[in-house]
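The form predicted alone is given below as one chain in structure tokens.
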């Protein structure tokens, strides 16, 4: 499911516009998976993208041009993802109607479910299924997506100024699920879910964290949090009076303290302070994720637990982070593998492996256009 598809002449290239990087991936179908035919990433100037929203179109356009040139991509069609507080995803129940009828009705129904005025939003929907109530009412489950029109317009302008043609706008969380579990009708293999269980996905990038819940093969819940990698770094910078780059290096060097107390105590004062700071910030992060998952569980009619959570993203590479997440969320936590459905040519191995944890959104966007 995408937010909007404008029709592509060729398989579009996946373009992930992040806070600190522009990542671009081009794939082609190969059997049950895909071959990565081109990939590149280029750094984004500080402040050009804040919490998933473009604030400096010129800087973003230059970064896209640089990344496009670096990767040697073919064609001009691209698919982008949106991930910020101006994107709303809701699973709603409506009286059953045919898709053509729903297409017209959704404009009137949507305002009851979204905080954005309908006239200022771009809407899309996907019918998930239908069911009968105990009172014999025929109902349908609809995944409704709304995005602020001005936010979308900014993204369109930045892409078109780079000389590219935007043919697909997707929700980044949907692209993540696609990259991790495959671009098939059921995005999650059925053996992963037991009755009454769902699976979580947490993608921690530098500027935002995407949280998704996948139930019965469908991403039924997404939420975007501004607590992400840069907030962890900024907290260290503030406490130790370091530059952002110095704090970033220290963040990954120090990592989190061993939750079981097994690591030797460092004699480096800055490392100990960084670890204490990270522990406080990560506990705030876990509380936010927990609230999101609990909210979903209170709304779900059949799911009682989220037993397994897949973690990815450049901000997820903190030492011991998975142990903290597992304890705080009371779930099995595993590192996601965005390479599972992807064959990577030898010429691209080094650049892809160096960015393995950050590649998933761009790959999922490309897979959405190719599927």
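Residue numbers count along the first chain shown, from 1. Just so it is clear, the model here is predicted, and its values are computed rather than measured.
The protein also exists as the form predicted together with a small molecule; that form is not presented, and the subsequent description refers to it.
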Note to self: Going by heavy atom distances of 4.5 angstroms or less, which of 77, 248, 281, 215 would be at the interface with the small molecule in the model of the complex?
What the structure shows: 248
Check: Of the options 230, 84, 277, 292, which one has a non-hydrogen atom that comes within 4.5 Å of the small molecule in the model of the complex?
Finding: 230
Margin query: Please identify, from 124-132, 202-210, 162-170, 282-290, the stretch that has a heavy atom within 4.5 Å of the small molecule in the model of the complex.
Written below: 202-210
Check: Looking in the model of the complex, any heavy atom of residue 318 within 4.5 Å of the small molecule?
Finding: yes
Margin query: Would you classify residue 314 as touching the small molecule in the model of the complex, given a 4.5 Å non-hydrogen atom cut-off?
Written below: yes
Next item on the list: May I ask you to check whether residue 252 falls inside a 4.5 Å heavy atom distance of the small molecule in the model of the complex?
Entry: yes
Notebook entry, point to check: Does the small molecule come within 4.5 Å of any heavy atom of residue 12 in the model of the complex?
Noted result: no
